[in-house]
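Have a look below at one chain only, the form predicted on its own, in structure tokens format.
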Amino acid sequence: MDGSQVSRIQNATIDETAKAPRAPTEAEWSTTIDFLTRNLRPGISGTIADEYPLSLGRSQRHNMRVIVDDGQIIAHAVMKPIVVKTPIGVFKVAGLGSVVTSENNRNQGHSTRIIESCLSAAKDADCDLAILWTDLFDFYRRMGFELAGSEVSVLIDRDLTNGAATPTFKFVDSSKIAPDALLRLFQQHSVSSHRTTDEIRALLSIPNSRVSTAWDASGKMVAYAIEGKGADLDGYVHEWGGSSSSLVALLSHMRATQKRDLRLIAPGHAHNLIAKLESQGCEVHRGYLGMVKIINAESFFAKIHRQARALGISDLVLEDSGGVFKFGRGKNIYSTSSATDLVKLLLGPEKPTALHSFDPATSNAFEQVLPIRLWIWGWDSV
């Protein structure tokens, strides 16, 4: 090998190292936001960071990943850790988003490398799962993601009060509300993420979001609903809280005020609200929460085991044995080498018995424990 060949190899190695995904520096944060705004929000006033203050704000720079070539940012993705409270325990979920490569640098593997970097960061942050929202299913399946979880979309296309007056409630359409009052209602959900009052305040400032609230005769907030999130989720009520009756009244008010049909997105376990809307003739569509990948199987499985024991099931088997996943009850053990099959088994939306032929004892155990009620609220999307 002559000197010129060695030089070319060394230069190529240096070039690839320079293009490795990394967090933007403090000085690069503004440039990164400009890159995202130009590629994902052309023509808007303000920046995309205004729409995603909790994932793209300056303080979240360590969770952002960029690829830089010749001093220019050419690709980006972000990983946002979300602490999710569920009936079976607290999970840490890595939300992935804002994945983009500049037009002149596509089809060169940058998106794959930058997502892999985000997944590595998610593992370092002790996340149990990673989730993203996309229609590029085949691309992300090659990286171990699979459609899983439950999301229900309800079309609000009619008066839900049947013309009856609702004097019990006073409706207010404004984001100028006390964040702690909204937070109290949010924390009543059986599945919710950890948020602070300051975070709620930042979320209420997102542009092009319409905030509506319902108040009882004593002046207490009894329901809230958020439609829109910057350029995303226009026409979708993606955040809400309160009793089913107060929410139905509030949704009817929002449709009448905005003079257009709306869609409510809800977790599959919101049975009372979904049933109430369905009984009013609203169209209901059942789909997936997103594309999910298991990051930390040991931690994830341990929480499921704890729930099983709490239900009196002490012999549930769920373990990662060198890349082969074993699951079952007692001596009735099944196995798969596919993590994506396991994601569907654990998160649904189908019941476990719809995905696998278990013996009766195992069927009974899994039907009690699974699928897990996982949900990511719209304000937490990335």
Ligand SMILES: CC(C)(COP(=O)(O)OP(=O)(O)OC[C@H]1O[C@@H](n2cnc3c(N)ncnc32)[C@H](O)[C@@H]1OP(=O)(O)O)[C@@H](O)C(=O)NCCC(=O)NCCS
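When you see a residue number, it is the position in the sequence shown, counting from 1. Quantities reported herein were computed from a predicted structural model and do not represent experimental measurements.
Just so you know, the form predicted together with this ligand exists too; it's not on screen, but the next bit is about it.
Point to revise | Residue among A270, I294, L289, V99 with a heavy atom within 4.5 Å of this ligand in the predicted bound form | key: Of the listed residues, the single hit is V99.
**Study point:** Contact residue in the predicted bound form, chosen from H110, H238, R195, R255 - any heavy atom within 4.5 Å of this ligand
**Key:** When this ligand is considered in the predicted bound form, the option within 4.5 Å is H110.
Exercise for review: Mark K303 yes when one of its heavy atoms lies within 4.5 Å of a heavy atom of this ligand in the predicted bound form, and no otherwise.
Suggested key: Close contact is absent here: in the predicted bound form, K303 is far from this ligand, nothing within 4.5 Å, heavy atoms only.
Practice item. State yes or no: in the predicted bound form, is some non-hydrogen atom of R106 no more than 4.5 angstroms from a non-hydrogen atom of this ligand? Key: Residue-level check for R106: yes, a contact with this ligand.
Check your understanding: Is there a non-hydrogen atom of L40 within 4.5 angstroms of a non-hydrogen atom of this ligand in the predicted bound form?
Key -> Residue-level check for L40: yes, a contact with this ligand.
Exercise for review: Answer for F171 alone: is it within 4.5 Å of this ligand in the predicted bound form, judged on heavy atom distances?
Suggested key: No, F171 is distant from the partner.
Exercise for review: Run the contact test on L183, F186 and H189 with a 4.5 Å heavy atom cut-off to this ligand in the predicted bound form and return yes or no.
Suggested key: Contact check failed for every one of L183, F186 and H189.
**Study point:** Segment assignment from 225-233, 132-140, 305-313, 116-124: heavy atom within 4.5 Å of this ligand in the predicted bound form
**Key:** Selected range: 132-140.
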